[in-house]
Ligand code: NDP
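To begin, one chain is listed below as structure tokens, in the form predicted alone.
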């Protein structure tokens, strides 16, 4: 999908929410979507990072984004419902939702993982995408062809030793995507797909592979054609698929 050529107006008049929008893949996705005409809703736990992305979008003359700091580790269901109500009042619909935020967590034998670390990671990587998807369904249904993209991983499709709760959480995300996709198939215009970014030059990748030379991996901006394809109308017929960006 890296050879997908997105028209400049691909996402004009679309409203797209992105979690973990403060840096890495989330930031690149926000900038790319805005550059192609979308109004992006920036979700993250660090206001200063979100503000920097907001300012960059504004300075570029792209549609004014919305900034919504939210800590997925501590957010309760009411927080997601309140966010949905706020977005409904402001935008009336949601054309795209990108579940990008995630914790890497401990990379060790599963029987060495502390319960606290397990629960923390599942809260951010699994429970938050569920609660956010659930609360945003009325907004997604209000859009003509809404797209939900779950950012996955190769270790969420084939388990690997020492990838601990991160791998398990990505398997859960893949399963949730499949169930949502099957439920929406033929009953709404909402599509759910997962996207494995592959090796990308991010801080999470550096933490997971400390011995790897970062420059051998593409920058997040280089894998954005895959995100643009899934978030735009050209992928209307794609639903329930586990896709690879590279």
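Predicted model, so just to flag it, every value in this text is computed and none were measured. Positions refer to the first chain, counted from 1.
Although not depicted, the form predicted together with the ligand is the subject of the following passage.
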| property | result |
| --- | --- |
| Any non-hydrogen atom of residue 22 within 4.5 angstroms of the ligand in the predicted bound form | yes |
| Contact test in the predicted bound form: residue 184 vs the ligand, heavy atoms, 4.5 Å | no |
| Contact label in the predicted bound form: residue 145 to the ligand, heavy atom within 4.5 Å | no |
| Touches the ligand in the predicted bound form: residue 196 (any heavy atom, 4.5 Å) | yes |
| In the predicted bound form, segment of 82-90, 108-116, 136-144, 95-103 with a heavy atom within 4.5 Å of the ligand | 95-103 |
| Listed residue (35, 67, 204, 221) with a non-hydrogen atom within 4.5 angstroms of the ligand in the predicted bound form | 204 |
| Contact test, all of 45, 72 and 124, partner the ligand in the predicted bound form, heavy atom 4.5 Å | yes |
| Within 4.5 Å of the ligand in the predicted bound form: residues from 120-158 (heavy atom criterion) | 124, 151, 152, 153 |
